[in-house]
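Here's a solo chain for you in structure tokens, the form predicted alone.
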């Protein structure tokens, strides 16, 4: 058992992980933090710095998988949460904090006519899919090959498709992520190639009378962290209008891109949107927002409730308090300032790539970007797909960044900036990247030397 006060005893990461493996499957509760020979264990954090149990300080460009828009332990958020803690953490009653936060989001994003809060991004997408089915009376959804929308069975299909199983681009295979996924799940998901309008519409047409919603991540992280083309989104919107389906955006990650989310960039608006990450102020959160007529399927005042919905910790006052304050602080000026700083980071990192003499491109939007060890930035999943040899080099690079340069990044080679980051940290990131690029250059050169030459 752990001692009553762990701070009185210094234990190594190896010791903690050994105990963890005895009580937690694989020693971790989320595979994202797993690494060999053991995970890093955090001691404390403030702003954009995280200190591990060995006393090493790291600059955080991961921000708990993009969820901490103001970094760690923001004083105003901490103070407000502590005050709420003294009044209770959750009740079998509604709270005014829920209403205040919903009002803020409603006023911020035009398509958010009605909102429901849940406890994670996965739960938000699950609620979105179920609401779309309840409203349309249709069973199928359509999603992009390679896209990540959480851990709901239907949302996981073809999330990890690869050249060995993804099939013909004209009709990609439906690949289960988890062993034992029922065939009925795959039968009710249409997989289409992201940013490929002609092929996508042809696939949707095959199931036009069965599709409840078409869901896209407008800056799809797992696909490659590039934006959905304007013409592509327009075409999807027009198709859903013609065929009685809904257009859904997964903005769990991308709400940070603009003051009103990535959807602010498009002429058309989604019917439903899943949100999460930054709206929790550092606490577990998710949300479903959209047209009032669609959201009515959840309304307990209706004579027939098409989608009965609840959740023990949904809209708990801790999350609502922290989330509202976080989004108030992330106002238009803060969004503009952070995005401009991220542009500087992109420019400097591309310069570092040129100085190191490696092929490099960056994708992303707003306050997030992803590195690709290739000259041309990808715009589709199969272009961005990394073979195992390239993944190995990326892992080597990320390990070097973390262990040698004390820079934390997301394991796809992605940075998600927070408002706690300044030009000082961006310059340090650039210096570290340059060192990292030089470190992996021999491996990249060897990899490209093996590639077949084109005429």
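Numbering follows the first chain given and starts at 1. Treat the numbers as computed from the prediction; the structure is a model and nothing was measured.
One more form of this protein, predicted in complex with another copy of the chain, exists but is not displayed; see below.
Undergrad: Would you point out which of 228-236, 340-348, 379-387, 111-119 contains residues with a non-hydrogen atom within 4.5 Å of another copy of the chain in the predicted complex?
TA: Selected stretch: 111-119.
Undergrad: Kindly indicate whether 173, 428 and 444 are, all three, within 4.5 angstroms of another copy of the chain in the predicted complex, using heavy atoms.
TA: No, none of 173, 428 and 444 comes within 4.5 Å of another copy of the chain in the predicted complex.
Undergrad: Please check if residue 125 has a heavy atom lying within 4.5 Å of any heavy atom of another copy of the chain in the predicted complex.
TA: No, residue 125 stays farther than 4.5 Å from another copy of the chain in the predicted complex.
Undergrad: Answer with yes or no whether residue 243 is in contact with another copy of the chain in the predicted complex, where contact means some heavy atom within 4.5 Å.
TA: Contact with another copy of the chain, no.
Undergrad: At 4.5 Å between heavy atoms, is residue 360 in contact with another copy of the chain in the predicted complex?
TA: So residue 360 does not count as contacting another copy of the chain.
Undergrad: Does residue 354 reach another copy of the chain in the predicted complex if we count a contact as any heavy atom within 4.5 Å?
TA: Flag for residue 354 set to no.
Undergrad: Give me the residue from 268, 365, 325, 81 that has a heavy atom within 4.5 Å of another copy of the chain in the predicted complex.
TA: When another copy of the chain is considered in the predicted complex, the option within 4.5 Å is 81.
Undergrad: Find the only residue in 50, 421, 415, 69 having a heavy atom within 4.5 Å of another copy of the chain in the predicted complex.
TA: Spelling it out, the residue with a heavy atom inside the cut-off is 50.
Undergrad: Listed by sequence position, which residues of 65-99 have a non-hydrogen atom within 4.5 angstroms of another copy of the chain in the predicted complex?
TA: Result: 65, 67, 68, 72, 73, 78, 81, 82, 83, 85, 86, 87, 88, 89, 90, 91, 92, 93, 94, 95, 96, 98, 99.
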